[in-house]
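Given as structure tokens, the chain that follows is alone and in the form predicted alone.
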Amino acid sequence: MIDPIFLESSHRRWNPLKRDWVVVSPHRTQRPWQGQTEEKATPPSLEYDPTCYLCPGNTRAGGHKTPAYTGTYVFENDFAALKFDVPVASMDQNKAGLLRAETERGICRVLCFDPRHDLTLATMELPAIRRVVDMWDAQAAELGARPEVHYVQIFENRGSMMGASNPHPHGQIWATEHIPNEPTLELAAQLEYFEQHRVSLLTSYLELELSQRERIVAENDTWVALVPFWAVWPFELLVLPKRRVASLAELIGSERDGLAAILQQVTRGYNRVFDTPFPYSMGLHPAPTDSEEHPEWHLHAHFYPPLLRSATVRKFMVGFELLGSPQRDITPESAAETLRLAMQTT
């Protein structure tokens, strides 16, 4: 169990997954200024919105028509950040390693979770969420099989506070030629730990969390959701399968059901924390698709929600957090207690 001094005094916590530190300042919860107030989010009320380009049968901004789909629907992003039809090129001016650039090829797709405009993962039924899980796997398998693709990043931005331009239930899938920064950091940390201990870093970490249960907020037979010991965002969550697998493709049927169930429980619980549709960025981190074996990698998902003290007060990453180290006020243990109560009432 954690020493009480770390629940009351300023300290820093080590993030072994990225090999950096986060500052925790429990005493700051008593300061007078409680954060900037934002507008409270309101959920869409229409099952079908004729102005929504993701609703079945509507025309998208790029001129393409969205078909009358009845389950999930995937399409190439009309305004993709990455494309494959770019020439391969690189530069390193004066060979000094200072002015370097290289082309980056990739594919960006949009995955509509459901045809109904007014749903979210929190309000969808379990069979519908399971279909999303299966589509994530199918997309990861298809894109990851391409020799040019070395990483498939699946993610969802939920709510305008997190930059979601459309409330229709959807996420994105980016397949990239190179492994992005965050998975690269996690890969190095997991490789180092595996080489030293011959077990995956997150397997060992999960065993510790399950034995202590201070930061566990939701659990089923195959998956666990917890506030990581090193959490940066106030109500950040790490979602892990109990069995070590490196990718979605390795999940058996019961584990896919468990993933759908934990996603539903987590998102519904989030909505109960401040009685509002909870914004977040969520992403899955599978192993790279670089044709290598990855016994060090433990599939996981991150939830990064911005809300701090209410439905209208958000956390900003500014000042010291941009220039020094990330910092949080409420302890992960306190956040876990709040989330645990919310998850239990879903």
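When you see a residue number, it is the position in the sequence shown, counting from 1. Predicted model only: the values in this text are computed from it and were never measured.
What follows is about the form predicted together with a small molecule, which we do not show.
Original post:
in the predicted complex, which of 222-230, 186-194, 123-131, 159-167 comes within 4.5 Å of the small molecule (heavy atoms)?
Top reply: It is the stretch 159-167.
**OP:** Flag Arg60 as yes or no: does it have a non-hydrogen atom within 4.5 angstroms of any non-hydrogen atom of the small molecule in the predicted complex?
**Re:** Yes, contact at 4.5 Å.
Original post:
Taking heavy atoms only, is Asp78 within 4.5 angstroms of the small molecule in the predicted complex?
Top reply: Asp78 belongs to the contact set for the small molecule.
**OP:** Examine Val110 and determine whether its closest non-hydrogen atom to the small molecule in the predicted complex is within 4.5 angstroms.
**Re:** Result yes; Val110 sits at the interface with the small molecule in the predicted complex.
Subject >> Contact of Tyr53 with the small molecule in the predicted complex (heavy atom, 4.5 Å) >> reply: Because a heavy atom of Tyr53 falls inside 4.5 Å of the small molecule in the predicted complex, the answer is yes.
Subject >> Contact residue in the predicted complex, from Thr276, Gln212, Gln172, Thr203 (heavy atom within 4.5 Å of the small molecule) >> reply: If I apply the 4.5 Å criterion carefully, the residue I get is Gln172.
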